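Next comes just one chain, in structure tokens: the form predicted alone.
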Amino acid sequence: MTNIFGKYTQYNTIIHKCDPRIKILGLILIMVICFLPYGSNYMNQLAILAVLGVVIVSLMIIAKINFLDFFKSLKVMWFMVIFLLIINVFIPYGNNEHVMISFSNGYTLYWEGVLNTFMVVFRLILMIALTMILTSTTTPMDITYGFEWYLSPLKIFKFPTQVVAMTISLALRFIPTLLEQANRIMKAQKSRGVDYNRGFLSKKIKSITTLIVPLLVSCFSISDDLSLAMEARGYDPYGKRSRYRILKFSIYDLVSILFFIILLGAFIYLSVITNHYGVNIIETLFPLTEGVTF
């Protein structure tokens, strides 16, 4: 069976050996880096995010992530791309100076709107890649322990941290299961003559209902079986729990912390000099491109 997006795969890599708490922290820090402001020059933003993309791809290579499965997981983004593009066409914002297409009904498509859409989609792709690194290199139980450890200060306020951590873990755990189930239902419906690719939008929406309804039924069935299995094993969400594996920091975690601190500091520096001081990274590194303000 091919690896599905988010499914844990066991390898003996540095990222697999890292503490789940460090990986969750690194995931949050890199997400913050993705959404830092890098000035108003789109080429500047693209160059900086491309560097971050190289870092994330390097982490995926180290973690032995299957890139074919990663690209397959991006197919669901086409609807979001069209939606964002429509918003940027009909509700333009910011400084729009470069006209791409002028329609006869008065609407104008600006290059800035297209670039805004591309930057948002690029950031979302980086988010998916980061999530895939976490879920593919960390077992669901370790993710639960990691979230529970970060939520532990809330125990002072009688907050049910174990329940929330288990809920998050189960949600992450069943994402690949639901994707696999949706793929199986789609193949079954195609064998019955349902066409998801052809026809007008109204016909496609009707076709999608043949996928959504069985998938919802399957979700309820899986959740019911899971609850019965947990009850049969005597699971008490509010009871005091012991652990077979105790999380301990290692040398790999120290190296990871230093890496994330250096990475965060470097991109905060780039954000400050580009956003507040107007420094153009492209012009600084490549003087021949001076004057490019897109």
Partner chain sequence: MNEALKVKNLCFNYDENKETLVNLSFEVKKGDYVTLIGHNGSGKSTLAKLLTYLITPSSGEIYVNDLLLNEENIGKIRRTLGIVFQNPDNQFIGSTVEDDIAFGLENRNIPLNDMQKLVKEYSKKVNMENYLKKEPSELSGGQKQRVAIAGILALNLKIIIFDEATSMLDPEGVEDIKHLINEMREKDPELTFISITHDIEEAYLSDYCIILNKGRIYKEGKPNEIFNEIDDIKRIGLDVPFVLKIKNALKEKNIFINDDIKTIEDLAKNICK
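Positions refer to the first chain, counted from 1. It should be emphasised that the depicted structure is a prediction, and the values quoted were computed from it without experimental measurement. Take the two forms, find the largest set of C-alpha atoms that superpose within 1.5 Å, and that set is the rigid core.
Note that the form predicted in complex with the partner chain isn't included here; everything after this is about it.
Considering the partner chain in the predicted bound form, the lone stretch of 78-86, 116-124, 153-161, 220-228 in range is 220-228 [heavy atom distance within 4.5 Å]. Although the partner is absent here, residue 234 is a contact residue: one of its heavy atoms lies within 4.5 angstroms of the partner chain in the predicted bound form. Although the partner is absent here, residue 166 is a contact residue: one of its heavy atoms lies within 4.5 angstroms of the partner chain in the predicted bound form. The partner chain is not shown here, but in the predicted bound form it comes within 4.5 Å of a heavy atom of residue 10. In the predicted bound form, the partner chain lies within 4.5 Å of some heavy atom of residue 170. Of the residues given (246, 251, 262, 54), 246 alone sits with a heavy atom within 4.5 Å of the partner chain in the predicted bound form. Within 4.5 Å of the partner chain in the predicted bound form, a heavy atom is found for every one of 141, 174 and 240. Taking the partner chain as it sits in the predicted bound form, the stretch 36-66 never comes within 4.5 angstroms of it through any non-hydrogen atom. Once both forms are fitted on their rigid core, the CA atom of residue 265 lies less than 2 Å apart between the shown form and the other one.
Core-aligned CA deviation for residue 154 between the shown form and the other one: less than 2 Å.
For residue 227, a C-alpha deviation of 2 angstroms or more is recorded between the shown form and the other one after rigid-core alignment.
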